[in-house]
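Below are two forms of the same protein chain, given as structure tokens: structure 1, then structure 2.
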Structure 1
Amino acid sequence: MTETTDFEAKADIADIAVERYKQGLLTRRGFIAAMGALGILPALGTKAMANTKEIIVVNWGGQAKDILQEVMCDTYTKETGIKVTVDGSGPSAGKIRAMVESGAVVWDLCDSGAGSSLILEKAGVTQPIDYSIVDKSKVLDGAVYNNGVGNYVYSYVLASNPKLLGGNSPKSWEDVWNVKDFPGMRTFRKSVRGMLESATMSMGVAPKDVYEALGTDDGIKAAIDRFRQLRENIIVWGSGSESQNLFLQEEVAIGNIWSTRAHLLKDQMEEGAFTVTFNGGVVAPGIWVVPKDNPVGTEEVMKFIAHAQTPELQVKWLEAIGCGPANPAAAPLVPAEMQKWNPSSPENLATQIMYNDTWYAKNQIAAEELYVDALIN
């Protein structure tokens, strides 16, 4: 039997592809697809990959994808000549883990959350942040971790539609649980994150004591019980866009939603049909994590993270999509009319509490179980 495949021709096509990839004429995805089609990806191995410089940053898609590309990535390419591409397919912790464990890592940098970054670190699928390249002092307190670093800041805030509430709107979480004066549907997240805090505050606990109150089983049960009381008035949101839709469709009058979505809604809802208060909000940082064995290498990624710390860029980021700067040095640069929408402005930080990851690492899974039970049972 003779061999019918012309390996030399294939190797030549592969060489061309590698060349084009290096020149930036072919994306990494296109390159991998081409190699796969030729059936020679395994033969090439990681050697060709290591020679190429393109950083793939993954976030959660939507508008944020294009803006991240424009504000952070294209500016980096302009400075260094290194191509950075944003992929909006959503780097859930499950996907990152699956990718690393199957040995087929395509992502270099992922927009994760504080809780996920801790779980991923424990699972051993992320790399430590190199703080000799990334500057710790350019990150808000509470957003610096071994295997993750603050990228931007968002909050869980109290949003409402006064039009559906007869011109009224709740000012505090206590009001949210007051169905008599504020009738209508509420929306909460399909997870305890940022939600238990509001339920605890609704019982009159001072913001600074929230996690202490949630420190005991009774405290958690009491907070969960608040949701059971409100159950008939709750619709749950799973994704940010879902929470946005619930307001746009006027399905809900009140909600505990992300400040980034509130930022979009303020422009989409008609005048007088949308308000937000940061009072009793929970500030959570977006966290960069770097998957183990990322194709472009550790150092390249760290340099990009350091670039994204530039205060001016972070202000642009806030203006475009409502993500507050993680770099405290950016706050004074924010234009006056944007200040009140900035989750990390000094005034807003004063009325909010910081998301507590150690609490979540310890209690989240057990609390989720009780939360689901309260909502469905």
Structure 2
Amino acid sequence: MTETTDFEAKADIADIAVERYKQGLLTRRGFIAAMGALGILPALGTKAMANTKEIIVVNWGGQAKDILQEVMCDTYTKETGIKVTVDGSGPSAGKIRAMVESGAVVWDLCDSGAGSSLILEKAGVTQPIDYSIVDKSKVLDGAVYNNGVGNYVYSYVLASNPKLLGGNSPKSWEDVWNVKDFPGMRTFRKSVRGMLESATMSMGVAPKDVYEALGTDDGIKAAIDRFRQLRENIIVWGSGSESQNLFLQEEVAIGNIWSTRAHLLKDQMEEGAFTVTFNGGVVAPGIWVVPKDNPVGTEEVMKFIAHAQTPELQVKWLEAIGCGPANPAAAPLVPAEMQKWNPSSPENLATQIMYNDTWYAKNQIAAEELYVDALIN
């Protein structure tokens, strides 16, 4: 099975957290709470074995690990007496598997993806989620697995700059391919992830039928050809910050970008120069996985996951970085001014589809080659 977790997206979320904290846009308390909802972990020495009295949580923090260490450990320790440490080294499926199979497990909880959770479960290196402690009803549909459970949500969304479009703004992917009424440059990701879905919907395919349409070689090639048709109007982005800068510098009028970056742009662009629609968005949940034989033990880490389901914490995470709550009960608690930017609000979920890891596991490599060829040649 192909690795389908979007590691770049997760690393980008961590970068956003660091930047917001540095800018003073996040209070220490707020950042800790948000990280708790996201499940960010403390830093570890790479050779050190975990202390069985503390929980080691691993995410894609990079430079954020020191901040996460400070805020996350303090908060959780204060509430439970259990120390929590953040390791931002990136829990790829390969690392988790190697750690478990070597018998040198130092991580207790990892921020992963649905595809990876399935791969790791099949390999026998992760533990089942104990749903007598972790509440399934506090997780969005489609984000509950035997050996993994949703912790937050982000989306691939349609963003635009109405100022560059004569006051208009595309409302659908079909509009994005309409260069006559919506002239200007577009931006799409270098990777095929989250992109083919928009091209398929631009041909009139209903969101619920997208992956069925992409289930054949002809369906994939038709979607790829849509990018070939737009090639002269496309600037690609490789990282979340690149997509953000393309809008800030007004190099593009339209784009398929992560909702977390849209969350930042809404505050950085002048009034009337930026908008987002979740219509036709692709929802991608982050998934907790617990390595087999984790040092702190199963029960303790399950209690931590349950703690991170707290609706108020998940709302703070949305406000801080733009990650949507995985707990549906959080939606009503989101401030009114934030509702339209929440990728997991009932209204926005109704217009989106869930990222299909099974499809990517089967088709990503071949589709990626065709996609790059369409953009370059």
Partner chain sequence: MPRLTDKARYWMLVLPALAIMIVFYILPVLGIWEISVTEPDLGFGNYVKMTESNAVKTSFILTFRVAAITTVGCLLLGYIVAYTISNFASRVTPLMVALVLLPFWVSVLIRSFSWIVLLGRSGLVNDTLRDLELITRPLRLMHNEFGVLVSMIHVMLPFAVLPMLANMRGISPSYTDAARGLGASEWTAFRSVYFPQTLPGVFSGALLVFVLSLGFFVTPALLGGGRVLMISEYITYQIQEFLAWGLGSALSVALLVATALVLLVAARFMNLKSALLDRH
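Here, a residue number simply tells you its place in the sequence of structure 1, counted from 1. Note that the rigid core is defined as the largest set of C-alphas that superpose within 1.5 Å between two forms. No experiment lies behind these values; they were computed from the predicted model shown.
Legend entry - Structure number, where the criterion is the form predicted in complex with the partner chain: It is structure 1; that copy is the form predicted in complex with the partner chain.
Legend entry - After fitting the core, I129 CA displacement of 2 Å or more between structures 1 and 2: Yes, the C-alpha position differs by at least 2 Å between structures 1 and 2.
Inset, instruction - Verify the C-alpha shift of T277 between structures 1 and 2: is it 2 Å or more after superposing the core? - result: Where the cores coincide, T277 shows only a C-alpha shift between structures 1 and 2 that is less than 2 Å.
Legend entry - C-alpha of Q309 moved at least 2 Å between structures 1 and 2 on rigid core: Yes, Q309 moves 2 Å or more.
Legend entry - Cα displacement of I287 between structures 1 and 2, core-superposed (Å): Displacement of the C-alpha, rigid core superposed: 3.3 Å.
Inset, instruction - Provide the displacement, in Å, of the CA of E101 between structures 1 and 2, taking the core as the superposition reference. - result: Here the C-alpha difference is 10.3 Å.
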